[in-house]
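Coming up is one lone chain in structure tokens, specifically the form predicted alone.
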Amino acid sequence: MAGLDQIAGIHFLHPSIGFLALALVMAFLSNERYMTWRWLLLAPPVLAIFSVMSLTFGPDGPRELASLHYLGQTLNLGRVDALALVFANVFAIQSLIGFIYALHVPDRGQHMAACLYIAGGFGCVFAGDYITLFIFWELMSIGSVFLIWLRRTQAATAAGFRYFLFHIFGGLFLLAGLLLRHADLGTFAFTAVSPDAARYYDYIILIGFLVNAACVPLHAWLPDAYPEATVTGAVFMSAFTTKTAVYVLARGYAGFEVLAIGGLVMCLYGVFYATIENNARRILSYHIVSQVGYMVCGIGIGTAMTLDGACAHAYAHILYKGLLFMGAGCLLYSAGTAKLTELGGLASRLPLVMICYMVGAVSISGMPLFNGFVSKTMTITGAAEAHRTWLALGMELAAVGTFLSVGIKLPYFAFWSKPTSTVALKPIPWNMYAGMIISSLLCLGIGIFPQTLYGLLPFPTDYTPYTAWHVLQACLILGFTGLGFYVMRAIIPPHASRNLDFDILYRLIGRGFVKLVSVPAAAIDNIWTDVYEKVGLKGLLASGIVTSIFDVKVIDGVLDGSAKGVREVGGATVARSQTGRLQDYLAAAVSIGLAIFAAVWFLG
């Protein structure tokens, strides 16, 4: 790293470097030889894990380990502290799991998009200024949209465009806010904002962050796009976009009351829609909205315990949500569909998929011995200790809906609702099983040994998850939820339909905008047609007569004179200049242009 140190002030191996390098290398590889180069996919995640671990066990305290001077600004690429490391740690682990799960994919385009996407996530986590954050923020958008488009279906293409437009909208808010902030404060430094001192541009930036966090009502892009992504792309997307948004909210907007209330709305809204959905990946997408709501609510409350709870839940969520999307991806890959109405009876045919999925399901539901229990209860307990009783009760209520939809409804109708399954199944590659098994072991390991996670948290808190009350409370909630589903299982089957969300509002606005533009444009076009027929056509005929005279009297005369000059004066020289090669004419044009520039420079 000595060379980078001297050139750009980079004192550590930035995790993004390996992913960007691999994306560049893969541009020159071919899909036909993927069995040879696919093992390269594991190199950047391994390097990222090594880099993050070396930082974790390095010196304590905040450090700035990478900077770049460009256009009069200092870009801080390596702000390292406990908050950044907890997210970087799980990003590195999940990137390795994701690429193991994707080893069978021969499409280098998907892997290049994933590399750019992950590099953007790491860049945001270590960004110390808004310019660096914005650059990597947009890199994430570019990489992730191709993970949708590369599924190469009409639905994926349309969903990808909607996704990209929404993230352009959020990116413009972020850009406008950071420029207005710089105009007022004279700095691009990404620092915490006090709720009492927040200015209008801080709220503009906040809107940009909330788009990526899928905060209601800015969330419809997530359940619209994630189910249409590639099988492996959805696994990556479940981990990085919303959790990067959680990170920047924790970094800059802790203690904002609007986040506490908005987070609770996300918790309840997400589980409601997940309960009535039919597509497995759409159910899981709505639960991203709900689970991120716990994190946003904890950040909004702003105590040390709720902030730690938000970070711990983000860590746990990346692991179990990735596992759930891997399980749903296996169903889609093998059975060709993720719709519950078309599945059922698969427990005996895909037993390992069922087991691994259920590990993720009980983890997200907060069952004791799994990682969701040791993270979710910390946030809820922190809310109660901060005397935010209604917030705590709302999050407990959301936990009921989580277990009902993801822990019971989805697996019941996918694996057990029919006595047998006649769907033709495609064999699942070994690497997809390997990715799920690794995630399952991590979900269980962190649940049994919570200090492995708590030791990474940024704020000093004293929290013990395995108390008699916490365990009893979780078991009661899960038990009564399961009993309620058993009683109502005959009347709450999934329906083969799609439930429109706030996206119906966006679509109506879009159609209204098209009509608003097209109707006046059509009227203007009609008026122009009438004017042209009465006035323009006569003028065009008159101009045609004039140009004909000019052609005969002027152009032909010049050409005739040039021909005579070529024949009598410099025929050989002129002929040699007419080479017929475009590059010669471009070179001549550039030479003439440089001569004119030199003349203006010296004479001016």
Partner chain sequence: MREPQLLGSWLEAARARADAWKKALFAVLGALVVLNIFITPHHPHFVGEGLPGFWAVFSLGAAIAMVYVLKKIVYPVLARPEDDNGRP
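Source: prediction; values computed, not measured. Residue numbers count along the first chain shown, from 1.
A second form of this protein, the form predicted together with the partner chain, is not displayed here; the remarks below concern that form.
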Which of these stretches, 144-152, 439-447, 386-394, 186-194, has heavy atoms within 4.5 Å of the partner chain in the model of the complex?
386-394
I'd like to know whether G302 contacts the partner chain in the model of the complex, with contact meaning heavy atoms within 4.5 angstroms.
no
At 4.5 Å between heavy atoms, is R108 in contact with the partner chain in the model of the complex?
no
Please tell me whether any heavy atom belonging to W416 falls inside 4.5 Å of a heavy atom of the partner chain, as the geometry stands in the model of the complex.
yes
With the partner left out of view, is V353 within 4.5 angstroms of the partner chain in the model of the complex by any non-hydrogen atom?
yes
Candidate from L172, L165, C475, L369 lying within 4.5 Å of the partner chain in the model of the complex - any heavy atom
C475
If we test each of P411, P494, G252, P465 for a heavy atom within 4.5 Å of the partner chain in the model of the complex, the one that passes is P494
Taking the partner chain in the model of the complex and a 4.5 Å non-hydrogen atom cutoff, the residues of 448-486 making contact are A468, W469, L472, Q473, C475, L476, I477, G479, F480, T481, L483, G484, Y486
